[in-house]
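Presented as structure tokens, the chain that follows is alone, the form predicted on its own.
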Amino acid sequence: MKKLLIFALLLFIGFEILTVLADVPFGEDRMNVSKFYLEKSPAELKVANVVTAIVVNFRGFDTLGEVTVLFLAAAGIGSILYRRRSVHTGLNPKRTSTEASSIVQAGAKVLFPLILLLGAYVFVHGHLTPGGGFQGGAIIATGFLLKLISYRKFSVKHSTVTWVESLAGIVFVVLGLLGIVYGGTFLENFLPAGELNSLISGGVIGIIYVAVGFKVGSELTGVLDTLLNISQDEETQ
């Protein structure tokens, strides 16, 4: 029975692939996809960064899948290392052997807010300049990494990280569903596009990139904190 089900599934997949290929106009003039993106992004979406328009709007469902993969990877790492985490006493055993110098600690105090500001700037302006949610979130995570390696007593509240990550993901999905309600397709740009090269432009694109920035930043920060809280005794076993 199992083999029969597998065979039927393969037949169904093969039929669907052949159906799609039969509709491909081989030998005929094809639409220039790159030209379509280059024309539609600034004209209709009012987005100067065409790559952002492709990632968040034209292929926004793929981006949702990528964010989901990142979440699953972070959750997998956390579940694997959870049993190896040291008992939280406010001082990470792995970081007791070496202490950052006063110069590093003073530099971390100065650089930490600046790094967070840079990360926020990158994902807030992702529809106007090179960058976006993934890049901005990674920059924010490096700021927390600097604090984690500079101060042994600095720790990240995973409950807060979980809430931020969850809310960011909910915002992404809700915007996609509202696109179905008001536009007919998932992640349809249903808000006013605004003016080109303006911060308030692109409709839902800017909001989605802010959500992606918070989601990526929180997930990477949680992973880094988990890795740095492994018990030194258990690590050497």
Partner chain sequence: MIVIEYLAYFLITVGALFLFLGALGIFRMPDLYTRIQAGTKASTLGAMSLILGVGLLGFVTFTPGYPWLIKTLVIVIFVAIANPLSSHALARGAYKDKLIPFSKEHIDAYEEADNNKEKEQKEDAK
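Here the structure is a predicted model, which is why all the values come from computation and not from measurement. Residue numbers count along the first chain shown, from 1.
Heads up, the form predicted together with the partner chain isn't pictured, but that's what we're talking about next.
Original post:
Is Trp163 close enough to the partner chain in the predicted complex to count, meaning some heavy atom within 4.5 Å?
Top reply: Heavy-atom contact with the partner chain at 4.5 Å: absent for Trp163.
Subject >> Ser101 within 4.5 Å of the partner chain in the predicted complex, heavy atoms >> reply: Taking the distances in the predicted complex, the answer for Ser101 is yes, it comes within 4.5 Å of the partner chain.
Subject >> Touches the partner chain in the predicted complex: Gly76 (any heavy atom, 4.5 Å) >> reply: Close contact is absent here: in the predicted complex, Gly76 is far from the partner chain, nothing within 4.5 Å, heavy atoms only.
Original post:
Applying a 4.5 Å heavy atom distance criterion, does Leu114 contact the partner chain in the predicted complex?
Top reply: Contact check for Leu114: yes, within 4.5 Å of the partner chain in the predicted complex.
Original post:
Hey, with the partner chain in the predicted complex, do Ile13, Phe15 and Pro25 all fall inside the 4.5 Å heavy atom range?
Top reply: Not a single residue of the candidate spot has a heavy atom within 4.5 Å of the partner chain in the predicted complex.
Original post:
Is any part of 107-140 within 4.5 angstroms of the partner chain in the predicted complex by a non-hydrogen atom, and which residues would that be?
Top reply: Those in contact are Gly107, Val110, Leu111, Leu114, Tyr121.
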